[in-house]
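As a starting point, one isolated chain is supplied in structure tokens, in the form predicted alone.
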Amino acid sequence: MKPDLELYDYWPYENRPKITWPGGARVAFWVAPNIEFYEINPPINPKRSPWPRPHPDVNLYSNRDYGNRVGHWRMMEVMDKYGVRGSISLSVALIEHHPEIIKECVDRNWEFFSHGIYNTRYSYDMDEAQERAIMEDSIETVMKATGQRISGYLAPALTHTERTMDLLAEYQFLYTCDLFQDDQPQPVKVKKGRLISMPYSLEINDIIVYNSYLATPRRYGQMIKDQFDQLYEEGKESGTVMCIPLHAYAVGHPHRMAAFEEALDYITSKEGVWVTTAREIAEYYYENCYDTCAADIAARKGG
């Protein structure tokens, strides 16, 4: 029995090599809109049901559909206002279902990364060929539609196999968003190549905040600002990363937009904030931080 995930080493927050972001920024700030497609009647996975009620779950399906019909456009306008480009966690099949959304994102020079093909197709019990097919489809389909070679991966519905990280490195992905162990990037242990964990967040993920914590919009906005304040303070010593994961069917409702906009206004008005994308963070980290951090981890292990 494995003692832990064996995907990364224990690396205490104190006394790490200093990370300095471009321009001396304290915080690398990125926003991750999850643009997803949920099938009304997907193939059955014995380990998890995509809908809480028997087929057809009309109410919840239409709630998800709200995001792509209405919420995304409203969210995009607010992000435009504050000069925030999205790093899109994309259900790749959405390219065929809603190409209009893809075009709007391409026109804004937003980043795309893979969130699997559908968010209703789970990785549980997939064999290697199936998992490879998802990654290859993601790379090829996004390239054809947008001209971008995707660099990141968030597994569909946060479901994985024991080989997921090794395959990401093999296919030359730069980062995974599936690990939540830190507020700075960290090398991931893979068989060949390199991969880093990109700080994402479950704590200020709008779905978690609204559906699990049952927070009000006002409370959600304050949580974002509190998260930022702490990371901004710590960033005086070494650069931190802050991500706001979004879902247009959650944050995109009219009564929730003001709190989100207020939080963006607060963060982007501060000095020393690098408003960027996950790809740009990863590229900078590999060029300027990866080797030093990997060496520090090895030295602490006595390796």
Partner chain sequence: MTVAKEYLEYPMRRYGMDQDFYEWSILFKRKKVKWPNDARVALWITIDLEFFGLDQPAKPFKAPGGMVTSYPDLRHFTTRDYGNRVGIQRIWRVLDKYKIKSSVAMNSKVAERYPYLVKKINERGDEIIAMGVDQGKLHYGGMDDAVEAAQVAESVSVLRKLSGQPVTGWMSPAKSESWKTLKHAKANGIEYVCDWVADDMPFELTAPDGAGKLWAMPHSSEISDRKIIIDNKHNEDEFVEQIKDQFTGLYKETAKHGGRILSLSLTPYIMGLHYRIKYLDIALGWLMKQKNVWPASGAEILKAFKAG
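Residue numbers count along the first chain shown, from 1. The structure presented is a predicted model; accordingly, all values stated were derived computationally and were not measured.
There is another form of the same protein, the form predicted together with its partner chain; it is not shown, and what comes next is about it.
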Could you work out which of Met79, Leu179, Met126, Ile208 is the residue within 4.5 angstroms of its partner chain in the model of the complex, going by heavy atoms?
Met126
Contact residue in the model of the complex, chosen from Lys191, Arg218, Lys144, Arg149 - any heavy atom within 4.5 Å of its partner chain:
Arg218
Partner contact for Glu233 in the model of the complex: its partner chain, 4.5 angstroms, heavy atom:
no
Does its partner chain get within 4.5 angstroms of any non-hydrogen atom of Gln186 in the model of the complex?
no
Taking any heavy atom pair closer than or equal to 4.5 Å as contact, tell me whether Ser269 reaches its partner chain in the model of the complex.
no
May I ask you to state whether Glu96 is within 4.5 Å of its partner chain in the model of the complex, using heavy atom distances?
yes
Quick one: which of 22-30, 273-281, 250-258, 235-243 gets within 4.5 Å of its partner chain in the model of the complex, going by heavy atoms?
250-258
Along 48-77, which positions have a non-hydrogen atom within 4.5 Å of its partner chain in the model of the complex?
Arg53, Pro54, His55, Pro56, Val58, Asn59, Tyr61, Ser62, Asn63, Asp65, Tyr66, Asn68, Arg69, Val70, Trp73, Arg74
